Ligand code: GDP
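First, one chain by itself: the form predicted on its own, in structure tokens.
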């Protein structure tokens, strides 16, 4: 029963969608296990870009079952928009929604913005998509599940409790007014329920039936390790479990069933949101990488912060996820940079450290120590694609040396190298679904 997990090894935006799309060609099921519409995955198919926030990145393979797992929080309006977009482009979504996933309600959007303002310097720089407040209600045990949204009477009962409580918090704590009545919310979300009902299925049975039949399953993560609610740089992260452990809880698959954990590593650092980034650059090199790589948020459009690759972060991700392989992305974006640096360790209060601090205040004081590499020339889109067809040894020698150093330093082999946005721009060294 080959089951593989794909998670981000850094701060998000590593290009997980491309890696999932690549491996999805061999998978039978693709399961998204965490997050919500705060995630943005871009997939290039036949020269066209598709941007997804909620739908799994394997959706363009019509014969594959794509599952929105129980660990996700769903903005129903956004999900319907994505489904409609696929239908208009000629794709019929083979989609199943877990009835155990939670629903983002209109109160959550208001609370998200209000809470960020109140947090001041500790604000995470959220997407204002209601994710944190929805997960908070889930943990407090008065959130609304998809299964409850589908039951009009039960939904009405749960909504009544939520409406009263959330309105008091919005007005009493944050001094704002929630503009919709309870009846308006009920009617609006009842319409969403009708649209989504055909897709709501017993995903637990679908998944475990597939496992029993030795089907190939790909688990897709959103955000990345350093944004994890437990293991990330708290509080500058997200509200879900973004690591390989979250793949188990967010899909309902036990850890003993998982065979491969692939960590996606962008060959430099990028970050959207607040919080310290030790290797961050604020110079012409950062501008060059940002513009060349189109480093603007899929969800928000915000320009991403850019820095050199940080191996302390990657090594930490190896530890908490148990990576069996690395998938490198954006190698072509670094081409044309004369000298490339990689952070091998930090100094903290004058002492060398290779460990990730738990405190964001300590992390803020970490100073990166770099190893320098010779860069490689930009050979152009067509030549990069030709290189991809020939394999790893066709890469520029300088690029090979750079990637090999990273792999050896963190002790994890290379599974994939991406040299462009499309499926054809990918060097696959290890097929995670190939039976041993």
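Just so we're clear, the structure is a prediction, and the values are computed from it rather than from any experiment. Positions refer to the first chain, counted from 1.
What comes next is about the form predicted together with the ligand, which does not appear here.
- The stretch that touches the ligand in the model of the complex, counting heavy atoms within 4.5 Å, is 322-330, out of 322-330, 171-179, 152-160, 193-201.
- Looking at the ligand in the model of the complex, residues 304, 418 and 421 each place a heavy atom within 4.5 Å of it.
- Contact check for residue 368: every heavy atom lies farther than 4.5 Å from the ligand in the model of the complex.
- The closest heavy atom approach of residue 44 to the ligand in the model of the complex falls within 4.5 Å.
- Residue contact with the ligand in the model of the complex: residue 13 places a heavy atom within 4.5 Å of it.
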